[in-house]
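Only one chain comes next, encoded as structure tokens, the form predicted alone.
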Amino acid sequence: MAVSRKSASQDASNDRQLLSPDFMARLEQLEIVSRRIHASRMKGERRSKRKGESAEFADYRNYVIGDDIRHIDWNIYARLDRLFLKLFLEEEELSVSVLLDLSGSMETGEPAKSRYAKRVAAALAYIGLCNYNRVNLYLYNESVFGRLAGLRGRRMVGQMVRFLEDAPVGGKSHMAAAAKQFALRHTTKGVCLLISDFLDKGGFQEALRYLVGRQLDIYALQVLSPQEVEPDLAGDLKLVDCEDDDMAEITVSRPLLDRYKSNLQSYCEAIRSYCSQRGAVYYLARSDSSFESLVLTYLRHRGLVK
């Protein structure tokens, strides 16, 4: 009985934390992968395919006038009487950004979508910090209202977690305006994870165009609550939009629920198709699913982490 009580207490504690110690230990085995090679102004720990300066040898090439003579291999010159330059792999920094929707609709559902979204954001940021990537977090509703950018190294983990834990949820959603702000502020190429329920009256296409225009390696994660996917409603109802208080009086019937599910499926498929045509990766997650499995299994299979 004592073991059982301890386990239940530990599980409850883990649920309250964005990242449990056990899960953090598993995340430390992972690293974020970019499908594109991006040049950056600062060196990092991620190995590039470009040739540059590091301790790791890559190849030789013939010396040409103007090359740095410090990189000439004098041993080869002594044997062949020809000048060859030693090339080394350049280490470049990977920029990892999370654009997180914390508008009013993200607070709905049981469990709340915002909590699930924050945990995924924290997990990806933690992997980035452990691998000395440059981590950037942007929070938005109708605009970007919170920003924590340029984090590097494990010592920033506490600040990152507090930033997400304390982030308020509310307000209207305007994904396009937020994406435009992000694109203007964040000119560095790299990996970008957009987390949202995509329930935005302005649509999603314009927002994704701003991100695609920055040539980012984009992953779009749509989070819906189980009540949105499988609504349990019946009878005469007055529905109130949680973001702008718009109201609609409806009579919920089986045909109406079937039409709602069909429309929702079509909408999610439209996002997936739009992303796929532009080289972005789309995934739909329910807020009652395991975010740990999402990170350790799905994102691994889709190549974001390895």
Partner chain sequence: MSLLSWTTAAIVGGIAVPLLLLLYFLKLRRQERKVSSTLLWKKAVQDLQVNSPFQKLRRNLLLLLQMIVLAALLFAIADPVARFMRRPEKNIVLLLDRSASMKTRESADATRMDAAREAALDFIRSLPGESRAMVIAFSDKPEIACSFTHDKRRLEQAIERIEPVDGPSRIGEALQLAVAYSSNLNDGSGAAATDAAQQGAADLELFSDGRIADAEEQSVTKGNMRFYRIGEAADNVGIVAFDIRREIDRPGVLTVFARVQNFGPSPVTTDVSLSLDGKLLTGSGTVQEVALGPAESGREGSAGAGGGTADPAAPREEQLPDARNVLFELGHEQAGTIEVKLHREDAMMVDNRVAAPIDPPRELRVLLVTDRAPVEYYVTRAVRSFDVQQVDTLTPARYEAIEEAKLTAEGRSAYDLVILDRHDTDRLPPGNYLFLGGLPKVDGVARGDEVTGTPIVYANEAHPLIRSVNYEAMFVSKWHKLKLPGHAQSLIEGESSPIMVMLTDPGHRYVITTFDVLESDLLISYAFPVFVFNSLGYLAGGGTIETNRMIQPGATITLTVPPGATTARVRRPDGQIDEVPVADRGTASYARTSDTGLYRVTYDDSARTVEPFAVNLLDAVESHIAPNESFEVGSQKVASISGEIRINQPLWPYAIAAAIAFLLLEWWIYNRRVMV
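Residue numbers count along the first chain shown, from 1. Not measured: the values here are computed from a predicted model.
Not on display, but discussed next: the form predicted in complex with its partner chain.
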(message) Within 4.5 angstroms, counting heavy atoms, which one of the listed stretches 181-189, 131-139, 231-239, 148-156 is next to its partner chain in the predicted bound form?
(response) 231-239
(request) Please run the contact check for Ile69 against its partner chain in the predicted bound form: heavy atoms, 4.5 angstroms, yes or no? (result) no
(message) Is Lys118 near its partner chain? Define near as a heavy atom within 4.5 Å, in the predicted bound form.
(response) no
(message) When the contact criterion is heavy atoms within 4.5 Å, does Glu249 count as touching its partner chain in the predicted bound form?
(response) yes
(request) Using a 4.5 Å heavy atom cut-off, state whether Leu199 contacts its partner chain in the predicted bound form. (result) yes
(message) Give me the residue from Ala270, Val33, Leu264, Val281 that has a heavy atom within 4.5 Å of its partner chain in the predicted bound form.
(response) Leu264
(message) Please tell me whether the candidate spot formed by Ser253, Leu256 and Arg259 is one where all three residues come within 4.5 Å of its partner chain in the predicted bound form (heavy atoms).
(response) yes
(request) Could you run down 97-126 and flag each residue that has a heavy atom within 4.5 Å of its partner chain in the predicted bound form? (result) Ser105, Thr108, Lys113
